[in-house]
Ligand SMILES: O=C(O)CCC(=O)C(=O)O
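The chain below stands alone and is given as structure tokens, in the form predicted on its own.
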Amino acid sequence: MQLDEVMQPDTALLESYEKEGYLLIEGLIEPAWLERLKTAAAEFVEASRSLSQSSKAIDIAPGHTSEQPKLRRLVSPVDQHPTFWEFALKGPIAQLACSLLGGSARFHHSKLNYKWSEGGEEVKWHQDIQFWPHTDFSPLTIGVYLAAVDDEMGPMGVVPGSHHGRIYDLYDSQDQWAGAIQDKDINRLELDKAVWLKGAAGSVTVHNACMIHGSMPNDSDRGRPLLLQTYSAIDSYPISNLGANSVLGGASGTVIQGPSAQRISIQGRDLRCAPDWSVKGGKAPTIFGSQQQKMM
């Protein structure tokens, strides 16, 4: 599928996403963009050589050394490198998000999972929405494979249609946050229907925040770097003080393609909210100042 076809998706593509909760688009990212992303990702591998423990931005894996670096994640790439910022907020992935979400979108966060060779860690079955709850279930994550991914490399698996089903508890039996569906609930999942999203470098995955998904360890001798960007509908907002919503990067909340209407729907009742004063000098006016200004 060509880039311009995805930016103006036909009804069948949108219906497939709505029904199944995911998309796999082979080779969508053009070589020039892919090389820029790979170069930026490699810079942080080099930077990690000086680390003996994880930093705020770079999460290193056990066994990491300066001679043989092993990275798990680059946290908030958009805040670490201008290439990632441009790609997520101005590039083809931002355009794809807008196409899938109705013409405009709200950026939430990004991450780069390196999934290192020979032991890159398993990601257990889970859903994303519990990590960063929103005011609706529109959030979706768009992934880009920076290298070709096959069965040996622990590709992401999704359970088609599961985004319409139950939202699972991701706490363990001791009521501690585990970030994974409990063992007692695993037998409820239709894992025999899981689809493993393999693809060439530059291939793109999309999955809804309620989609059940996970991945196996990477037992190959090749890394599986997956760049992930999350967006929501323009009228969808992260709920502060829940999950990761209060510890996001500076780009979180950026509106792509058009201004925010400051509208929200709660229990079927629509309201137009006050302006976002954080972008208007950071100081909220009092009710007296606002009303007096209207009277002048």
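Everything quoted here is computed from the prediction, not taken from an experiment. Counting begins at 1, following the sequence as shown.
A second form of this protein, the form predicted together with this ligand, is not displayed here; the remarks below concern that form.
Enquirer: So, Asn113, His126 and Arg224: all three within 4.5 Å of this ligand in the model of the complex by heavy atoms, or not?
Expert: The answer is yes; Asn113, His126 and Arg224 each reach this ligand.
Enquirer: Can any non-hydrogen atom of Leu228 be found within 4.5 angstroms of this ligand in the model of the complex?
Expert: Close contact exists here: in the model of the complex, Leu228 approaches this ligand to within 4.5 Å, heavy atoms only.
Enquirer: Heavy atoms within 4.5 Å of this ligand in the model of the complex: does Met156 have any?
Expert: Yes, Met156 sits close enough to this ligand in the model of the complex that at least one of its heavy atoms falls within 4.5 Å.
Enquirer: Answer with yes or no whether His81 is in contact with this ligand in the model of the complex, where contact means some heavy atom within 4.5 Å.
Expert: Because no heavy atom of His81 falls inside 4.5 Å of this ligand in the model of the complex, the answer is no.
Enquirer: Hey, in the model of the complex, does His134 get a heavy atom within 4.5 angstroms of this ligand?
Expert: Because no heavy atom of His134 falls inside 4.5 Å of this ligand in the model of the complex, the answer is no.
Enquirer: Want to guess which of 81-89, 182-190, 207-215, 95-103 is within 4.5 Å of this ligand in the model of the complex, heavy atoms only?
Expert: Selected range: 207-215.
Enquirer: Looking at this ligand in the model of the complex, which residues in 60-76 have at least one heavy atom within 4.5 Å of it?
Expert: The one in contact is Arg73.
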